[in-house]
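Below sits a lone chain in structure tokens, taken as the form predicted on its own.
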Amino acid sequence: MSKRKILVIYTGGTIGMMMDPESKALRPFEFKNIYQQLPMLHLIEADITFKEMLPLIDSSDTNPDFWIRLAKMIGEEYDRYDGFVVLHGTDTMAYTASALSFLLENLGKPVILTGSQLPLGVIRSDGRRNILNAIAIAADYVYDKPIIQEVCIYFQNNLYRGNRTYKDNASRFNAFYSPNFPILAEVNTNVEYHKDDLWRQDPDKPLIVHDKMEDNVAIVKLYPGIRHEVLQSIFSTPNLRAAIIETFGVGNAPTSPAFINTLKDAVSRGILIVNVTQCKGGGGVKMGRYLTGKLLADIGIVSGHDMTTEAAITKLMYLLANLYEMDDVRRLMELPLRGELTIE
């Protein structure tokens, strides 16, 4: 059997930085020398191609246009490669992974994002192991079928569903967390896949690369004492189509008439509001459990169930751009499209 062909796309970020011996400053690494830095790549049973998506950016500069360009690049190379690894800055990696999961409909091959907390050129860098393992997993096939058929994040020995994660730590190597869905694989002496949790795609459905996202959206984090004038200002934003509200606990919010009426007015003007919880450690929105949450449901606010904020906002961007009826967007926000939520 011929070797699997893996395309590694470098978009920017910490992992691609090396220490310049003269200036002692970090600079982008030239991937044409990757085998000198990572000779272990020769041991992976794959033909590996490295490609840069220019201009290279800090991940803080990601946006919908960037996600669409990256999705198109994968789509253009889809038939030529068996798997894809995206090297990306960690700060917004969960947003990019979530966006790609929606833009790449019917994805049947691995797309694995990884990066590092320390640059590749630093002796204690976690980047070497992350790159090597991400490529090895992307090349892992059984009976000529890829084990992974979805967008994932690989970091510090764990493989996560991309649209279930968020960045949890800025200084530790285990930077990512998946609060409401099991990890897909653990890398120890072997790669241990949790096969019952893997996404399975119908092989007869062709890949569809979507090229539209709607950025007239907002995220509102609630806090005790938030003034309804603040909400009015946000919901008066010209052309605003939808918003995520990060609520307390299982979807609770203030019950003051001014607060509720502000949200009710926004809904009446056609603005879709989706409720996700601020609780990062696990659980989801259950608006019927307490009166404070039920009031939100009664005025037409949609439950985000156990979606992360990253998944909810990118899903909104995707649905609003690719559907014309708001009723369809409301309905699909509460249904799992790419394994991004669980309905209890």
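Since we're looking at a predicted model, the values are computed, not measured. Start at 1 with the first residue shown and count on from there.
This next part talks about the form predicted in complex with a small molecule, which is not shown.
Engineer: With a cut-off of 4.5 Å between heavy atoms, is D91 one of the residues that contacts the small molecule in the predicted bound form?
Structural biologist: Contact with the small molecule, yes.
Engineer: Should T309 be counted as a contact of the small molecule in the predicted bound form, where contact means heavy atoms within 4.5 Å?
Structural biologist: Because no heavy atom of T309 falls inside 4.5 Å of the small molecule in the predicted bound form, the answer is no.
Engineer: Answer for T96 alone: is it within 4.5 Å of the small molecule in the predicted bound form, judged on heavy atom distances?
Structural biologist: Flag for T96 set to no.
Engineer: Can Q37 be called a contact residue for the small molecule in the predicted bound form at 4.5 Å between heavy atoms?
Structural biologist: Answer no; every heavy atom of Q37 is more than 4.5 Å from the small molecule in the predicted bound form.
Engineer: Counting any non-hydrogen atom inside 4.5 Å, which residue from S116, T247, S101, T165 sits next to the small molecule in the predicted bound form?
Structural biologist: Exactly one listed residue reaches within 4.5 Å, namely S116.
Engineer: Would you kindly say which of D58, E52, D47, D298 lies with a heavy atom within 4.5 Å of the small molecule in the predicted bound form?
Structural biologist: The residue in contact is D58.
Engineer: For the chain seen here without its partner, which of 38-46, 58-66, 301-309, 314-322 has a heavy atom within 4.5 Å of the small molecule in the predicted bound form?
Structural biologist: Every other range fails; the passing one is 58-66.
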